[in-house]
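Here we start with a single chain on its own, the form predicted on its own, put down as structure tokens.
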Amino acid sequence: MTDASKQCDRDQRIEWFVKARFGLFVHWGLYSLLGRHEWVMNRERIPVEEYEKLADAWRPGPFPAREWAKLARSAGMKYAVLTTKHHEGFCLWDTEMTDYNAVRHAPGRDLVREFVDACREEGLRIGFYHSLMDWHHPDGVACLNDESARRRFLDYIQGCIRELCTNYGKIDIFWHDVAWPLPDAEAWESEKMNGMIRELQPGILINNRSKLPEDFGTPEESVRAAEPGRAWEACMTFNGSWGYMPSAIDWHSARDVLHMLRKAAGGRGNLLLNIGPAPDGSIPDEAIERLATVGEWLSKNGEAVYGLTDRIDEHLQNVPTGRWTLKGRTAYFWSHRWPGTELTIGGLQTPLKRASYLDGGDEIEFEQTDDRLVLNGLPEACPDELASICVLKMEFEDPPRQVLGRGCVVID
């Protein structure tokens, strides 16, 4: 297959993903019982034999994935990704590769199956996270300097991946994480591994964490665009911890989440927002409350987020009163600092045909000169009561272009 045909194939496979824009990340495992971050085994140097005892103490509630999937759908999310095996090495599915799994220990059931079924019930696309690094496997470190250990470890990892791509029907995303300790894609046999995934799951998307670029990049804890023409997905914690951590109090507000979404859409990327359920699978109230607001806001303003957007850095510049998303000749101005009865935007070089409120569609009067656009007759206070972010829809004669002096640019 030529490079051009590979790109065409990727463009077709990834179209749903770049239109979906917003997904749910779920970190859930034995670390949830300790409630001190998902790296607790490593950071507290808990011995394997001590940590293993958690597997016989974990008793999730009945089918919590239904709650996750319903919350995701109501929040405006279009897909969900579950940690099938995190760095701790405990497998949440019915694997034949190890007894260290949710079926053969206290949960007594296939938690991945429950997740898949719940996502399908709610119409969500399905993603599997799977850590390449494994603190539990005896060859997880030895594989670096011992070829026989490397072979055993890769056979194990590839066997786990084969099961995940075989036993659950159609899967939409395979999300690798932490290709440690092996140094490169050749040592990981990443090309062979990802080829197997695609053979078993035609049309699947694969992220960039097996030391190959694959379909999309994954900036972490930072919403930033990848290089032009490359799909990307910012994975973000809700409160600074991926796993359940009840002491974490720095929750992002609904407004914060919408700012992340705007920045992702403005860079033609996605936002994968994480929740860390409690050991029983329940979702912290803070996440439920904020996502309810996000979902209600998106039900009114989702046009500015979903679908094929353009990168604003190629057309528009952010200003103190707001930020942009863009689709062709239609720009969406997210006013997060309401200006009062008049909004002035400088530097727009393209004639404006129509301005309106995205929520409701009422037209807005405007005057445009060579270098200034003035929207008149606005309410004194921001009309959006959910997050104080009002989106103004602007339809131009051509794709808009804005030119401002460097001193006027607001860095996002």
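One-based numbering along the sequence shown. Given the structure is predicted, the values throughout are model-derived calculations rather than measurements.
The same protein also has a form predicted in complex with alpha-D-glucopyranose (GLC), omitted here; what follows describes it.
Within 4.5 Å of alpha-D-glucopyranose (GLC) in the predicted complex, counting heavy atoms only, one of 165 to 173, 101 to 109, 295 to 303, 83 to 91 shows up; tell me which. After filtering at 4.5 Å, what remains is 83 to 91.
Go through Glu289, Glu199, Glu220, Glu314 and name the one with a heavy atom inside 4.5 Å of alpha-D-glucopyranose (GLC) in the predicted complex. Residue within 4.5 Å of the partner: Glu220.
With alpha-D-glucopyranose (GLC) left out of view, choose which of Glu122, Asp177, Glu214, Glu189 has a non-hydrogen atom within 4.5 angstroms of it in the predicted complex. Contact residue from the list: Asp177.
Does alpha-D-glucopyranose (GLC) come within 4.5 Å of a heavy atom in each of Trp39, Cys235 and Trp242 in the predicted complex? All of them do, each having a heavy atom within 4.5 Å of the partner.
Would you classify Arg209 as touching alpha-D-glucopyranose (GLC) in the predicted complex, given a 4.5 Å non-hydrogen atom cut-off? Yes.
Is His27 close enough to touch alpha-D-glucopyranose (GLC) in the predicted complex, meaning at least one heavy atom pair within 4.5 Å? Answer yes; at least one heavy atom of His27 falls within 4.5 Å of alpha-D-glucopyranose (GLC) in the predicted complex.
Quick check on Trp251: any heavy atom within 4.5 Å of alpha-D-glucopyranose (GLC) in the predicted complex? Trp251 lies outside the contact set for alpha-D-glucopyranose (GLC).
Should Tyr129 be counted as a contact of alpha-D-glucopyranose (GLC) in the predicted complex, where contact means heavy atoms within 4.5 Å? Output for Tyr129 is yes: heavy atoms within 4.5 Å of alpha-D-glucopyranose (GLC).
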